[in-house]
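One chain comes next, on its own, written as structure tokens: the form predicted alone.
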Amino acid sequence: MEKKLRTKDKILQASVELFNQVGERQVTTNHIAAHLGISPGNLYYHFRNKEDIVRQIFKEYAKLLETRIKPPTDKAEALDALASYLDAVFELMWRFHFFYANLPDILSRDPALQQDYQHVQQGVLARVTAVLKALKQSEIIQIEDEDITDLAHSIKLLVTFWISYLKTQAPDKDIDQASVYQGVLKVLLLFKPYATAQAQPRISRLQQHYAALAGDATLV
């Protein structure tokens, strides 16, 4: 049993690696098996097909998302919760960037995965909304209550399609961590119109931190 679990994990790890390198569409189960040096039959012992592999990868992604993105426990932690959210979500974007690069196509081919994705995203929206409410209570941002959900949707929209946007702008350019962190800077820009005067210096420090990760010398 231990050997089976170990092989299954290796298949998932190799699949993510290949999907990220060349795109999920370009990879077959034969490619994955050859990459690992195992027979296709060995792979099919653990997974029925490539869609089964993608579903398992998504389950791993969803579990990490749930454990890493948590609402703040008290008002004093609101800005720290925002930074933790940005760190977690963009780290996962980098780790599973094949998924974000071709999200509509992947979901359109698997109705069950589409349902799972929507369920997970409802939870993400609730967590982002909780962070925004905490930021307002901590006087980090000033925003009308009725606008909080829309801002949460805007943040999710930018996060979800940032990598797709990069691919449309430069189809032949590889996605790297610096380009992923450029997305963090775009998210922080969404907060600036709502930031209170007392919070501006702290948000600027966050911008400088992520600018360094993104290789943007103009903000460092």
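None of these values were measured; they are calculated from a predicted model. From 1 onward, residues are counted along the sequence shown.
As for the form predicted in complex with the DNA, it is not shown, yet the points below apply to it.
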- Message: Whether Thr29 contacts the DNA in the predicted bound form should be assessed with a 4.5 Å heavy atom distance threshold; does it?
- Response: yes
- Query: Would Lys167 show up as a contact with the DNA in the predicted bound form if we use heavy atoms at 4.5 Å?
  - Reply: no
- Distance check, Arg48 to the DNA in the predicted bound form, heavy atom within 4.5 Å: yes
- Message: With the partner left out here, check for me: in the predicted bound form, does some heavy atom of Pro171 sit within 4.5 Å of the DNA?
- Response: no
- Query: Considering Leu188, Val180, Ile38, Leu65, which brings a non-hydrogen atom within 4.5 Å of the DNA in the predicted bound form?
  - Reply: Ile38
- Message: Within 4.5 Å, heavy atoms only, one stretch in 149-157, 190-198, 29-37, 55-63 touches the DNA in the predicted bound form. Which?
- Response: 29-37
